[in-house]
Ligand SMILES: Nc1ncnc2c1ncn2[C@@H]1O[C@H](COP(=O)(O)OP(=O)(O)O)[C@@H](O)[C@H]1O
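Take a look at this single chain in structure tokens; it is the form predicted on its own.
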């Protein structure tokens, strides 16, 4: 075995709050996080991305410019994590770049999932082979193309002594059920932070509700909660996946318009937090004994408390308890997928995405 197996993982998630970049050593079974970096996305570029995510019309020239500009940002993020680690680019086998999802439509007549951040630009500006477009092959084999992070969850978090759920709460929540003696299953449960982020940005011009403080100041509005829970997605059969193309500000405003009377802004925020809790808990295997949270939601104290109250017989903790920082699990996952692809190994995603066959995930852009 080589002395080191270094890979970089890159992703900008549904929240579009920056590019997560990790340098990981896969020499051992459990990945070793060498360095991590969160690279900012400027507000003008972020606004362009968010406009794409809700289906606003955009000129093809602007679409192309956004794609290339994001590629440059992702390359900067990769170079920055190398600088932090004091590692030269030629020591890294490959970059796994998820990119930035702007539209996810796996159930269309011609299904697709679209991620921006030009891989040619990343490979050229870093000098490192880059694996990208990781969802498309899965979709072409009949899968949803998502979620993919659970591939890492099953690889490093499965237990022979208990039934676990790994819950990634980014903009969208996805749940991985790791059951003893059974094949893991995973799917997108529904909105994570995306609706809370929208609402606090609208009313307080903040990107997120730190610690869930604003949500904690409000009271759950039962009529609004029930209207939201009536969304057909929540009762849809597996496999299933979703994103901003469904759960966005317009979706929430539509639900609010159906309510009788005005609702205080903090009560809306409290209700959106409760919606996240409820849809996660509804998605859990009833025999689950422990919940381990990763993504930005792991830092939302009110959300963590809500999950603990909803499942009092379960241990609720962040993945740090299992030795992996919750902020970087998803980026590590895409570094791991790059490793598998570069090694020519097909991956069975059928329990997560519903694909009909194991496939290699992503195209390789040689340095």
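Positions refer to the first chain, counted from 1. Since the model is a prediction, treat every value here as computed from it, not as a measurement.
Note that the form predicted together with the named molecule isn't included here; everything after this is about it.
- Residues 188, 239 and 351 are none of them found to lie within 4.5 Å of the named molecule in the predicted bound form, as judged by heavy atom distances.
- Although the partner is absent from this view, residue 169 contacts the named molecule in the predicted bound form, with a non-hydrogen atom inside 4.5 angstroms.
- Using a 4.5 angstroms limit between non-hydrogen atoms, residue 16 touches the named molecule in the predicted bound form.
- Looking at residue 127, you'd find every heavy atom of it more than 4.5 angstroms from the named molecule in the predicted bound form.
- Among heavy atoms of residue 193, some come within 4.5 Å of the named molecule in the predicted bound form.
- Residues placing heavy atoms within 4.5 Å of the named molecule in the predicted bound form fall in a single listed stretch, namely 291 to 299, out of 291 to 299, 214 to 222, 88 to 96, 228 to 236.
- Out of the listed residues 253, 282, 162, 210, 210 is the one that sits within 4.5 Å of the named molecule in the predicted bound form by at least one heavy atom.
- In the predicted bound form, the named molecule lies beyond 4.5 angstroms of every heavy atom of every residue of 97 to 115.
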